[in-house]
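Presented below, as structure tokens, is a lone chain in the form predicted on its own.
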């Protein structure tokens, strides 16, 4: 196999990201949660008092780092190109339901990989759901579905997510009394701020340079028979698996996994909804966060959709617990599939 520069960069970026994820757990993050975009946005929503679930409230520096890292490197490389206007409200809705699906599973695609690397077989079930959702969405893309083109926007518009990230970082460091912090549960477990911020910055830079995307890798394999983008995800898994085995954090099985449940059907369907919505959006939650940092107001709207989705999920009992998925969460996942599919088919019909 010829290892191109792009493949080499993805292998190196995935390896570094897997290493950072395990280190963040070693220094305080919840197990199998060195990085989880959905969980960290949810925790940040709690810190901002957008929901009242006391066990998941913490302004995660990793999210701030992802946004700032992506923004800084895109400016340095002259790739900071503010753009937007590609169905922003539809992106908000899709992202809202992507977050609902993630919180029914209890993790985003990034955490799915880390849970697998920690021996959590519930994540294997979810992986099949994630792949199924991506295949379903990819078929619709091949039939012509699109959220439309984006347009050039002002630098002020494209910089807003970076400004918000800096403001949140300043509050976290200098006036933390304005935020809420969990005293127990996953929100109370975190690496030191400086280390978490540094980890986010590095991963943000690497993800921006390599177009790292969990959903995009599987989409490219299905639509174009191209496994290049998938290499990043594979290397995250391989490195995290090796380090977990070395440190004794690998526990194979379904039961007793950290911040997880064994409700296999809803693990499958929850991540199926994440895959379905992500591929139609053009990227997984990590990719949307990186694009928001490099100036896409469309992806910024996706991040806001996930933020509101997280708040909604915990305010109205949609998020799962270690006991399993809730009734309202199950209903919300089905509604998510129905609403996203209805939007897609209306768009396709109008296009014809």
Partner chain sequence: MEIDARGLSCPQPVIETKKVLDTKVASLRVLVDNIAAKENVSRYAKSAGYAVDVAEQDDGWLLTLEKA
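Numbering follows the first chain given and starts at 1. Computed from a predicted structure; not experimentally measured.
One more form of this protein should be noted, the form predicted in complex with the partner chain, which is absent from this view; the next part is about it.
Counting any heavy atom within 4.5 Å as contact, can you tell me which stretch out of 174 to 182, 218 to 226, 119 to 127, 193 to 201 lines the partner chain in the predicted complex? Comparing against the partner chain in the predicted complex, the contact stretch is 218 to 226.
What is the one choice in 164, 238, 245, 141 with a heavy atom within 4.5 Å of the partner chain in the predicted complex? Contact with the partner chain in the predicted complex is made by 141 alone.
Interface residue in the predicted complex among 169, 93, 147, 189, criterion: non-hydrogen atom within 4.5 angstroms of the partner chain: It is 147.
Although the partner isn't part of this model, could you tell me whether residue 287 comes within 4.5 Å of the partner chain in the predicted complex, counting any heavy atom of the residue? Answer yes; at least one heavy atom of residue 287 falls within 4.5 Å of the partner chain in the predicted complex.
Contact test in the predicted complex: residue 79 vs the partner chain, heavy atoms, 4.5 Å: Output for residue 79 is yes: heavy atoms within 4.5 Å of the partner chain.
With a cut-off of 4.5 Å between heavy atoms, is residue 155 one of the residues that contacts the partner chain in the predicted complex? Taking the distances in the predicted complex, the answer for residue 155 is no, it never comes within 4.5 Å of the partner chain.
In the predicted complex, does residue 282 come within 4.5 Å of the partner chain, counting heavy atoms only? Answer yes; at least one heavy atom of residue 282 falls within 4.5 Å of the partner chain in the predicted complex.
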